[in-house]
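We begin with a single chain expressed as structure tokens, specifically the form predicted alone.
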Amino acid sequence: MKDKPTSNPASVLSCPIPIQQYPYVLSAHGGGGKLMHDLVQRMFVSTFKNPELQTEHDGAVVAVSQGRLAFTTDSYVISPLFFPGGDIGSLAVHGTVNDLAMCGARPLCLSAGFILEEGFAMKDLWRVVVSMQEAAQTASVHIVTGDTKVVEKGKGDGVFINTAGVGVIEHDLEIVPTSIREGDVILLSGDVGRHGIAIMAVREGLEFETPLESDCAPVADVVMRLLDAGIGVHCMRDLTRGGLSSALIEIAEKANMHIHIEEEDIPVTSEVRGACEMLGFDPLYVANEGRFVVFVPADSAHQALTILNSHPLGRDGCIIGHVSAEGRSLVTMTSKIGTRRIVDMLSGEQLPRIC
């Protein structure tokens, strides 16, 4: 199950659907007849090609080694569908793979459910499908089963994607918020806020001197390196909606512990910081799609940071705080000017439709 999927030649070919005849999704593409059969076979099965998918059964049967399984599901409704650094297809794969990794699981396989709006351009659907396959290949997973539905024009937004993922846990650790302990050190895998600001930049037509791209990426490989090295990881969390602050608050509340962080140690690019100041956002609450925090015992922190920094997705990783028993269920932060404040949960949502 650790073998990387072989290269799929379908991802470098043109769209297999006869676009001249069907340039847009029709209601009949979801009607269960020949058009739907052709769409599923030519667009999805041929691109995501693997033995489990090609059984063409109601589900996939996947062999696993001894151990525990992790299972997750998510839906993706991002707007715009294509953004600097990714698109809804790669995001759907990366997001699901990352959720499995945060459980300490080695991602194994995914399902993909497509809700297509009548009138959606077939060439754009092909672009999304190819992106998903390339992302799956990079993350060493297969898309083994799925579903397709078509809704009437005006009842969707081009395409929505639902994914579910299964991963295998090959260790005895309980990687959950209630496992964190007083004295644990908190590591952050890299700079924060790029995904949310990249999305907002497209929506608002913002331009930066240095092109700003989403951090969207699969983090399972770097997580597996930590676990394979024997790091006694207590908890991990990817920093999606609500960003770093919301993730830490949720962990503190569940663990009934006090988390303290240092603002000076949290990396934020100048482009993200400038955009946040202009738009009135706090970068610590802005969404990410390729960043995570990891809680480890203090005596493992240096080794964990070395492993993190040796990976391309963790080269800017750093220690940002620690856990204490003082002030239960609380997150506090020392600001850059030396003041200490409570980090609160947002009452609403800074940026809608970011994943």
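Quick note: we count residues from 1 along the sequence shown, nothing fancier. Keep in mind the model is a prediction, meaning the values are calculated, not measured.
One more form of this protein should be noted, the form predicted in complex with another copy of the chain, which is absent from this view; the next part is about it.
Note on the partner interface in the predicted bound form: the residue among Ser75, Asn256, Ser179, Thr138 having a heavy atom within 4.5 angstroms of another copy of the chain is Ser75. Here is the short version: of Val202, Ala121, Ala229, Val151, the single residue with a heavy atom within 4.5 Å of another copy of the chain in the predicted bound form is Val151. Across the options 212 to 220, 125 to 133, 181 to 189, 103 to 111, residues that bring heavy atoms within 4.5 Å of another copy of the chain in the predicted bound form belong to 103 to 111. The candidate site formed by Ala70, Ala164 and Met236 is fully in contact with another copy of the chain in the predicted bound form, as each residue has a non-hydrogen atom within 4.5 angstroms of it. The shortest heavy atom separation between Ala252 and another copy of the chain in the predicted bound form exceeds 4.5 Å. Put simply, His37 is close to another copy of the chain in the predicted bound form: some heavy atom of it is within 4.5 Å.
With a 4.5 Å cutoff on heavy atoms, Thr55 counts as touching another copy of the chain in the predicted bound form. None of the heavy atoms of Ile320 is located within 4.5 Å of another copy of the chain in the predicted bound form. Taking a 4.5 Å heavy atom cutoff to another copy of the chain in the predicted bound form, the contacting residues in 24 to 38 are Ser27, Ala28, Gly30, Gly31, Gly32, Gly33, Lys34, Leu35, Met36, His37.
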